[in-house]
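Form predicted alone, single chain, as structure tokens, below.
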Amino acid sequence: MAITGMQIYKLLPKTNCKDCGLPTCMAFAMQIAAKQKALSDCPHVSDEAQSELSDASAPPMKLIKIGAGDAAFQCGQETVMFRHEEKFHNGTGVAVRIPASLSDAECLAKVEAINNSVFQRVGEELKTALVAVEVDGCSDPAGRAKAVADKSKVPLILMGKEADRLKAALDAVKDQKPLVFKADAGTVDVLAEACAAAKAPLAVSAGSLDELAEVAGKAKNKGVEEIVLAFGSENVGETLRNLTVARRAALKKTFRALGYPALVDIQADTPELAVVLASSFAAKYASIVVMDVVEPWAILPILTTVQNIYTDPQVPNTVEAKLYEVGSPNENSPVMFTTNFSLTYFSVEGEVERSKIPSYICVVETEGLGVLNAYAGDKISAEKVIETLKTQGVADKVKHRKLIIPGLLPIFRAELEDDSEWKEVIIGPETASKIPAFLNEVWK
């Protein structure tokens, strides 16, 4: 039976502390009732309230954690079908497969490549989230799992169809809380018992969603607390439909049997196709995608897709409007300005850094809009740039009065020269990628 916001509110602390991210306890209660917040998001809720409300207030999709400690990867606990309805919460994790056919040396070399698969983009660290170890075909599945666990900086997925091998591998690394992939109708009893004993998550698969719900139910009845729904990629259209139907059943119908995050095991003829499929499934409800390639050119596009999808559409993606120093600029260094839209700022910063010319970047508050959008929306003007330069004390940092402005705002040049102390305004390039050549050729 559905529980109302008022019933939930009566059991909350009623302090309006805002620690849950909402302004009042009533607003938090209404979000729980709408299945858009979890009771656990309130750090002050009493044990009695937890006990009374835990089942009724649980999000329609369960939160799953793979791995132990600070390195754990979490997925699930999504609350909406479409990002603009609220936001997506836990980004899709990219897992790289370690084939059983690799030698021990090749296996460890690939694990090291996964460890080093870390990127910086618009101020955030993006990285490969999981390593997937195949145990079918290994002469020593427990030894292979242990060797990878010891080397890896990310959580493990143990992959196989043979229950005995999966159990042996799980027993060797159970303290790492790996995801066991995968149980079907024939192996769910054995693997569920093993995962329940080890308190490890289990991925389940079946030929249809109805059968999948049954297998997931059996795993839960055996004591498995964390379940992942596993899908293949052989029929892309069918997989996308199943992902969508399962999510809708969980979120819209509160169908608990399918209220778990989903994993897609990608099989592709070419690395390029694997990247396209992984990005597509990340965009349509896969919480984990497993692929074979680990090269940066393949991983980064997927991570970029995930980063874009899992940003909060209701919160501008901004950096602080202040004066930034790139390198170690001095009184002779270039001065330029840009907007506080994260992608714009970090694109400019990265290219300035690449130029090897230490510089000052004045960031103007534009409510998270890029240069053209800010200009079109009247969020940036020459007058505002002049005021920002004064507020940030930019003139005190350099002895020259040269200002580089974005190439998309040449109209600001005359007003800046007439109304400010910056008497030599230089029109910069229209795209950030041209900044290194521009600075090395123009700035003297």
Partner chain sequence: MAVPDVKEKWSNAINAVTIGATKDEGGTRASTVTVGGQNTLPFMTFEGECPNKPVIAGYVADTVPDWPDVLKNAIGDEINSPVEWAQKCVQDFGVDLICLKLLSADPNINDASPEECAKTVKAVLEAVDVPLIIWGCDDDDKDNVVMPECSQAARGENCLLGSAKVSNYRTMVAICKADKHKVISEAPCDINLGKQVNILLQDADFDLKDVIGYQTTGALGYGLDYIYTILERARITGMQGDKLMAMPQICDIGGETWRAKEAVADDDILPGWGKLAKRGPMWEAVCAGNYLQAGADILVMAHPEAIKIMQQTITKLI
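Since the model is a prediction, treat every value here as computed from it, not as a measurement. Residue numbers count along the first chain shown, from 1. For clarity, a rigid core is taken as the largest C-alpha set superposing within 1.5 Å between two forms.
One more form of this protein, predicted together with the partner chain, exists but is not displayed; see below.
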Original post:
Taking the partner chain in the model of the complex as the reference, which of A196, L273, A142, L323 has a non-hydrogen atom within 4.5 Å?
Top reply: L273
Subject >> Of I357, V236, A100, V190, the one that lies within 4.5 Å of the partner chain in the model of the complex (heavy atoms) >> reply: V236
Original post:
Thinking of F119, K253 and K434 as one candidate spot, does the partner chain come within 4.5 Å of a heavy atom in every one of them in the model of the complex?
Top reply: yes
**OP:** Could you confirm whether D292 comes within 4.5 Å of the partner chain in the model of the complex, counting heavy atoms only?
**Re:** no
**OP:** Evaluate S279 for contact with the partner chain in the model of the complex, applying a 4.5 angstroms cut-off between non-hydrogen atoms, and reply yes or no.
**Re:** yes
Subject >> is_contact(K161, the partner chain) in the model of the complex, heavy atom dist at most 4.5 Å >> reply: no
Subject >> Non-hydrogen atom contact E78 with the partner chain in the model of the complex at 4.5 angstroms >> reply: no
Original post:
Out of 243-251, 67-75, 103-111, 175-183, where are the residues with a heavy atom within 4.5 Å of the partner chain in the model of the complex?
Top reply: 243-251
Subject >> Residues from 274-303 in contact with the partner chain (non-hydrogen atom within 4.5 Å) in the model of the complex >> reply: V275, V276, L277, S279, S280, A283, K284, P296, W297, L300, P301
Original post:
Taking the rigid core as the frame, does N373 move its C-alpha by 2 Å or more between the shown form and the other one?
Top reply: yes
Original post:
On a core-based superposition, does Y324 travel 2 Å or more at its Cα between the shown form and the other one?
Top reply: yes
Subject >> Rigid core superposed: S342 CA moves 2 Å or more between the shown form and the other one >> reply: yes
**OP:** Might you say whether the CA atoms of G327 and W297 end up closer or farther apart in the model of the complex than in this form? Their distance differs by 3 Å or more.
**Re:** closer
